[in-house]
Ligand SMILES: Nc1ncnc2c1ncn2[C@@H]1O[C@H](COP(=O)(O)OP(=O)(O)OP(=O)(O)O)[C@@H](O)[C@H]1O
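First, one chain by itself in structure tokens, the form predicted on its own.
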């Protein structure tokens, strides 16, 4: 199977900056290296929105920089549409990069003037240049503000112009680094709708989305990878990642009261007082069925008003993945230590 984006054993480290005091105390000391990526394998299908999640310092931005030809890996290989990213001349026309770095624009120029400047850099044919700019400004809702100075744009307008710029040369692959960071909720929802309805559904772009926003990843992405300490700890569909570490289904019960000494076939995760009762989140113990739990509650004199299946959300799964013990790569010959969803 061919992939739009591939990473094969990508490793990258950087020299840790030394303070002035360290330089004075030991000017010829050996520089310490920080490992940003430790053998990352990645496969992204054509037309897919693939989410990169992870805490700060996990390696998400470094991976995007390698994929966008800004940084070379120390080991391994990255490919865009089958072409190694070391071949910049062939790869860069296939890529659009969306970042929150406003310094990459010229603040004294208008939005339209910025687009004209970058269209020349992106080799947009001169006979199509202005029509393409007008089309993209309309698609991102900046036609009326096109001739305003970039410095006068709001954060949401600047981000929309960044997306328009990335589309100038109509690349099949987009790399988006926290596109909704610093946006208000309304602007974030608008931008997510544009990504899903326009870029994915209409244009069939392949998108790699690096984000800290878990609801955003849950709403947009077809598949996710959780990057921790430079390694992909978990990868799969949103449902598979949500199910990480869960061996049984969870339930949410609304009861009239919850006995503190209840010893039925359940593990209680959370109780919350509500008007005239208690809300309980729990999971069944091994081999137990829901009927066993309800029977035990009835015998304990507990009135169950409501019983719903409780689906783990991405935030809960992310916490479980962070807390999980790091897999031992040496345990399996040739193993990457990556989990692919489901119970562990």
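Remember, it's a predicted structure, so these values are computed and weren't measured experimentally. Residue numbers count along the first chain shown, from 1.
One more form of this protein exists, namely the form predicted together with the named molecule; it is left out here, but the text below deals with it.
Comparing 314-322, 275-283, 51-59, 289-297 against the named molecule in the model of the complex, the single stretch with non-hydrogen atoms within 4.5 angstroms of it is 51-59. Although the partner is absent here, residue 88 sits far enough away that none of its heavy atoms falls within 4.5 Å of the named molecule in the model of the complex. In the model of the complex, at least one heavy atom of residue 15 sits within 4.5 Å of a heavy atom of the named molecule. Remark: residue 303 does not count among the residues lining the named molecule in the model of the complex, judged by a heavy atom distance of 4.5 Å or less.
Using a 4.5 angstroms limit between non-hydrogen atoms, residue 212 touches the named molecule in the model of the complex. A heavy atom within 4.5 Å of the named molecule in the model of the complex is found for one listed residue only; from 84, 178, 190, 222, this is 178.
Along 21-40, these residues reach a heavy atom to within 4.5 Å of the named molecule in the model of the complex: 34, 36.
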